[in-house]
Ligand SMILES: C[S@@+](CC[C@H](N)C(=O)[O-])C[C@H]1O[C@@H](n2cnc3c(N)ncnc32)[C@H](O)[C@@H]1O
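Next up: a single chain in structure tokens, the form predicted alone.
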């Protein structure tokens, strides 16, 4: 998989879903004025934007391992401390934030429990850690149609259903294993409108994440066959898609 892509490519691929999702995650974490918050795995800044709108730039810090994403988020929010780093070794001191959030990140951590524990470490006692992961295993993900089409044509393709946190209850289990208290799980959902199947398909050709990496490996004929199969599975245009994510919130 690859996230060594431009911020624009990621935004076109996932931003249409992650931007509205950010408000739901911030609500789940009860992010309110007066808090200081960390965006862990900020990408090009979908959740950062929501945190800044609620708290102001000087009350938000962000981290991501992708240099293009770090640069893009710094450019969008010059008052936010945005640093390059990984969740498993956050470059922040203990007890520095009231809320630590990770949107669509836990399933890509090399060690999810350690990454969540690091989020707890940088959060003050009594503060809140929150994360969400698309419902890949339950068929509620924005990528469900894509992977269904892939498996129709290539049954042995891996998909994303087995990633950490992608099945019901697993994110809660990871939070509890990381030592968080009073962990609560929920399901967050967003609706996104599409004018056509081509508008839905085009971002999959940008090389973003496991889905983009899969498309990039295909030859022209196989790619066209996949595009056609996706169009057959999608509703008649224009159409709305509902995307759901599993969420966990715990207390430090």
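Numbering follows the first chain given and starts at 1. Quick caveat: nothing in here was measured; it's all calculated off a predicted structure.
Keep in mind that the form predicted in complex with the named molecule is missing from the display, and what follows is about it.
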Practice prompt. Examine residue 88 and determine whether its closest non-hydrogen atom to the named molecule in the predicted bound form is within 4.5 angstroms.
Written response: yes
Item to complete: Report yes if any heavy atom of residue 46 sits within 4.5 Å of a heavy atom of the named molecule in the predicted bound form; otherwise report no.
Response: yes
Worksheet item: Can you check whether residue 65 is within 4.5 Å of the named molecule in the predicted bound form, heavy atom basis?
Response: yes
Worksheet item: Is residue 41 a contact residue for the named molecule in the predicted bound form, using a 4.5 Å heavy atom cut-off?
Response: yes
Discussion item. If the criterion is a non-hydrogen atom within 4.5 angstroms, does every one of 10, 103 and 109 touch the named molecule in the predicted bound form?
Written reply: yes
Practice prompt. Work out which of the listed stretches, 165-173, 148-156, 123-131, 80-88, brings a heavy atom within 4.5 angstroms of the named molecule in the predicted bound form.
Written response: 80-88
